[in-house]
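To begin, one chain is listed below as structure tokens, in the form predicted alone.
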């Protein structure tokens, strides 16, 4: 099933991009003066296959999971915070709730592997693979079967949203300790040493950062993930919510939908997705550059340039929500701005 999803992913629609680029050149502004918004409108045309793309139905998919590696003292917060924050999302009290509402996006909250039995809630999507991953410093974080099941669960979630009308999806995460597997994924794919990728996450002190770097180094040594095999890396040093986001990315790309990638954890998922399915890269938009230490190197590996840098390091999909507002603005500029001919404005010097 995973292979069939990968095979559905096609390149961008060049004719739609050419039409969008041509229209941009006729709008009442100096060529290129709206910079990234112009580039974004052209990319969105290529993704959607529409000369003038529209963004109306906006969704943030926030996936939650826990991590066995928290046993190594890599987080400033206890694991109990993960289910508590999931409930906060469900009852509308988190930053992502505020920002999603601000940009007119709905939120889908998914339990991919929270290490607790979650309270039943009509808005919670239950895709739990297990109650957290295993401690990756002692062996693989999950089995290959679990990794594939988690990816396919992510595909199912995004395809359900596509059936409701989704035009663009933003990725979000929740999981105490999840910057540690994300940095491990980045290290495995880039070959950059852990000390140059791992940051303070939830705010660990110097000793906590040392423990985190050590945990990543031990996990890589114990598991020896294959840098050319994204699924192997995900299995050995990943997380269930990261795997779910890989599925969201692949499922969206297979259905020609844009993906607004949030911060550090979402970018780790994007790296795995691109490693598994290189064509999915064209469907990715990086919302922001995280304050997390290794995010810049991860974006460089992906060949993506973040839309903004706001010193965010929260996750949840907060940066993706704001990124979606830029994508919507880019489409509206292309669709609604007058051309030189429409406005009777000379386009000659």
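All of these numbers come straight from a predicted model, not from anything done at the bench. Numbering follows the first chain given and starts at 1.
This protein has a second form, the form predicted in complex with another copy of the chain, left out of what is shown; the following refers to that one.
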Self-check item: Every residue of 84, 308 and 333 near another copy of the chain in the predicted bound form, heavy atom within 4.5 Å
Solution: yes
Quiz item: Is residue 4 close to another copy of the chain in the predicted bound form, meaning a heavy atom pair under 4.5 Å apart or at it?
Solution: no
Exercise. Give a yes/no on whether residue 88 approaches another copy of the chain to within 4.5 Å in the predicted bound form, heavy atoms considered.
Key: yes
Quiz item: Is residue 41 close enough to touch another copy of the chain in the predicted bound form, meaning at least one heavy atom pair within 4.5 Å?
Solution: no
Self-check item: Touches another copy of the chain in the predicted bound form: residue 80 (any heavy atom, 4.5 Å)
Solution: yes
Quiz item: Exactly one of 98, 123, 160, 192 has a non-hydrogen atom within 4.5 Å of another copy of the chain in the predicted bound form; which residue is it?
Solution: 98
Exercise. Using a 4.5 Å heavy atom cut-off, indicate which stretch of 268-276, 162-170, 124-132, 100-108 touches another copy of the chain in the predicted bound form.
Key: 100-108
Quiz prompt | Contacts with another copy of the chain in the predicted bound form - residues in 9-42 whose heavy atoms fall within 4.5 Å | solution = 28, 29, 30, 31, 32, 33, 34, 35, 36, 37
